[in-house]
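As structure tokens, one chain now follows by itself in the form predicted alone.
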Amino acid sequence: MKKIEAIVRKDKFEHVCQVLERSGIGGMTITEARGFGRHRNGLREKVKIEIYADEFQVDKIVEMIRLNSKTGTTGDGKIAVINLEKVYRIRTGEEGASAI
């Protein structure tokens, strides 16, 4: 299992969100964020998207985010894929892929 964290431009978020919802992913968590990158051009408002996914879904999800958030200019954001040891659903006690 993997955790995908994407930080995208605020003005691209709605489009990215629609594409991800239509794709049938299990769910996502959204956080408003501010930050700057290598160019140090001041704090910018961004949106952080967090998704738990099975291994076979990762490439598809990353590609959807990348293609739908890209403007080609500085500040488009980042995507990170992180290994997850375990995931639990609090309500039911399910774990692993069934908890996603």
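All residue numbers are counted from 1 along the displayed sequence. Just so we're clear, the structure is a prediction, and the values are computed from it rather than from any experiment.
Same protein, other form: the form predicted together with a small molecule, not shown, and the subject of what follows.
Exactly one of the stretches 22-30, 49-57, 62-70, 35-43 approaches the small molecule in the predicted complex with heavy atoms within 4.5 Å, and it is 35-43.
Taking a 4.5 Å heavy atom cutoff to the small molecule in the predicted complex, the contact residue among 1, 7, 4, 99 is 7. Interface membership of residue 15, defined by any non-hydrogen atom within 4.5 Å of the small molecule in the predicted complex, is ruled out.
Under a 4.5 angstroms non-hydrogen atom cutoff, the small molecule in the predicted complex has residue 78 among its neighbouring residues.
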